[in-house]
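What follows is one chain in structure tokens, specifically the form predicted alone.
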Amino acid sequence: MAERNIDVLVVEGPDGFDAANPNYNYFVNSAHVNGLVIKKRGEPAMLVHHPWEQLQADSTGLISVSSERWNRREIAREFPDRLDAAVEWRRRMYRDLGVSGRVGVYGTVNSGHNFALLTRLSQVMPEIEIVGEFDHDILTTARLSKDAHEIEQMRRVGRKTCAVVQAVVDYIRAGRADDGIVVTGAGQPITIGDVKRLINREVSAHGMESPIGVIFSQGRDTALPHAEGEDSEPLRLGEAITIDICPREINGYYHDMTRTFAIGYASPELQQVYDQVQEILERVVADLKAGEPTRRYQEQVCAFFEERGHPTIGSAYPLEEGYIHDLGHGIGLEVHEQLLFSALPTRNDMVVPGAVFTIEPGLYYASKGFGVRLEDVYACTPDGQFENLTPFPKQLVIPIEH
């Protein structure tokens, strides 16, 4: 805050208990409490909350301030216009809590509502200057480096995510091949929708949620990185299958894991591409060093694939086939956090101790009817070592009874 000349942080809370608000959750440790956080430079953070949620507020460890300290009903009688009343309530709160100077604003909000509120508030409180940071703001920068407690939470989510994927593999293995598709013991085709429902049940059973959905695609759809898969399609033998899931503990830390499979067998071409994707993932991980720019690893992947005849975005962009995306991203209270493994000239990201990130090379060929992606999550420890938080094997073919 001193480096950026910001006197106060104000982090707006969610509009409801299930609202995604990573900067707010960072302060309240994902407690189910509505409110807002105020942190003055050099002082402990305060949580302004409804008194009904006192117990949840106490669990955060923040200084607790009741929002009813400023009587909303009296303010509403004095200021019949709702915007005027909201501004007056906020003005009294800021005055009493000593909010002044350069005030940085953060949190997930209704943008139009908040713009109207802050614009009017700055007019009635000339002693404050509202500051909005566009890139690498204080809180996303702070969240980049995880402490031991955060990494342990992410380690736990990683283990749970691997258990979900193992349940999928076990479910498929329990089926049998019948005329090119996978069927149950009773002879019913197993569909992509069946597998997705299994994933969702397993995610829930492990105390997690999947706010952004599940990818389970096969065949040509695997050549589109974000194709979710057609629920009605039966699982087919020999075709590439992509499972990409990113669950989190409730309002907590995410994991992000991708595996490519083929049921029963894989063509020599699919196996070759899979082996190349796995090889470059392992090479990158072996070369990871704290303090290195992330662009170095993206360039390494592009060079590796181009040497083997694959087009990459290192030489052409946009690109429909080949290596078509960046190598990885930061992860934590959001699936995609600030750290990016990209060669874009606007990015100057560095691998730092405490960073947690994905490594996910892939090759995509719609013209050949398949795509391959493998993704693990890694944590950079304080001493500059790297830990894989996705302890799950990499094997293309899922054997099945014929």
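Since we're looking at a predicted model, the values are computed, not measured. The first residue of the sequence shown is number 1, and the count goes up from there.
One more form of this protein should be noted, the form predicted together with a further copy of the same chain, which is absent from this view; the next part is about it.
Taking 4.5 angstroms as the heavy atom distance cut-off, pick the stretch from 184-192, 103-111, 275-283, 157-165 that is near a further copy of the same chain in the model of the complex.
Partner-contacting stretch among the options: 103-111.
Only one of 88, 244, 221, 239 has a non-hydrogen atom within 4.5 angstroms of a further copy of the same chain in the model of the complex; which is it?
Spelling it out, the residue with a heavy atom inside the cut-off is 221.
Identify, from the list 71, 141, 123, 232, the residue with a heavy atom within 4.5 Å of a further copy of the same chain in the model of the complex.
Of 71, 141, 123, 232, the residue with a heavy atom within 4.5 Å of a further copy of the same chain in the model of the complex is 71.
Heavy atom to heavy atom, is residue 56 within 4.5 Å of a further copy of the same chain in the model of the complex?
Residue 56: yes, in contact with a further copy of the same chain in the model of the complex.
Quick one: does residue 325 come within 4.5 Å of a further copy of the same chain in the model of the complex, counting heavy atoms only?
Contact check for residue 325: yes, within 4.5 Å of a further copy of the same chain in the model of the complex.
Taking a further copy of the same chain as it sits in the model of the complex, is residue 228 in contact with it (heavy atom to heavy atom, 4.5 Å or less)?
Looking in the model of the complex, residue contacts with a further copy of the same chain include residue 228, since a heavy atom lies within 4.5 Å.
With heavy atoms only and a cut-off of 4.5 Å, decide whether residue 82 touches a further copy of the same chain in the model of the complex.
Residue-level check for residue 82: yes, a contact with a further copy of the same chain.
Where, within 238-258, is there a heavy atom within 4.5 Å of a further copy of the same chain in the model of the complex? Residue list please.
Result: 250 alone.
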